[in-house]
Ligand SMILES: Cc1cc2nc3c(=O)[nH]c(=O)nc-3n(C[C@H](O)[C@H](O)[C@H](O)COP(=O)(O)O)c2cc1C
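Listed next as C-alpha cells is one chain, alone, in the form predicted alone.
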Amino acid sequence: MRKPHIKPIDKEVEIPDKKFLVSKTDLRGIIKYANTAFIEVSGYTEEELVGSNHNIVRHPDMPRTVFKLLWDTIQSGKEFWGYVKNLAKDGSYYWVFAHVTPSYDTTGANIIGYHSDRRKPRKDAVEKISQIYAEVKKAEERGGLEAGVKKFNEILEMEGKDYAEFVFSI
C-alpha cells in the first residue's frame, strides 16, 4: 500500500496508560503484524497497516535524522529506544516512547525483521525532545540529512551523552 497523503491537524491522541502499541516488520519495514492497541491509536484498520511500510504513521514534524539513527542501530543488531511523533489516519498525532529490536532466525545469526513496542511517553520528556527535534528538522530543511545529523550530534555532544543515554536522561 502506498503511503496516503494525510494533512496533520493540531489534535493529540494520548496513549492510554499501560497500553503497548506493537508491530512486527520485515527487513524493509513492511508491517507484518499490528496489535489491537496500535490499530486503535493509529486509526488504521489491520488490513491497511499489514503490508504497508511502517512510515505510514510517520509525522512530518519528525526529523529524518532520527530514523537514520533508528535504522543504523537496528540493522547493526542493536536495540533502539527513542521518542517518536506519529501521525494517525485522521491527521491527529500521538507521541510514543519506542523500543525497536531486531528479530532473528532460528539460528540466531540472521536478522529477519524487527519488533517494536511503543508506550506512552512522559510529558516533560516530550516537551524537551520536541524542541530538539524542531532544531534538527530546521537544520535538515536548510542543509539536508547531513546537516540534520550534524546538528543532532552537536546537541548530544553539548549534553555529553549519546542518543541512547540521552533518551533515558530526560
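Note that residue numbering follows the sequence shown and begins at 1. Because the structure is a prediction, the values reported are computed rather than measured.
As for the form predicted together with the named molecule, it is not shown, yet the points below apply to it.
S.K.: Select from the listed residues Lys138, Arg122, Lys32, His115 the one whose heavy atoms reach within 4.5 Å of the named molecule in the predicted complex.
M.R.: Here the answer is residue option His115.
S.K.: So which of Thr36, Asn53, Asn110, Ser130 gets a non-hydrogen atom within 4.5 Å of the named molecule in the predicted complex?
M.R.: Of the listed residues, the single hit is Asn53.
S.K.: If we take heavy atoms and a 4.5 Å cut-off, which stretch out of 122-130, 42-50, 64-72, 138-146 is in contact with the named molecule in the predicted complex?
M.R.: The contacting stretch here is 64-72.
S.K.: Using a 4.5 Å heavy atom cut-off, state whether Val100 contacts the named molecule in the predicted complex.
M.R.: Answer yes; at least one heavy atom of Val100 falls within 4.5 Å of the named molecule in the predicted complex.
S.K.: Might Ala88 be said to contact the named molecule in the predicted complex, defining contact as any heavy atom within 4.5 Å?
M.R.: Heavy-atom contact with the named molecule at 4.5 Å: absent for Ala88.
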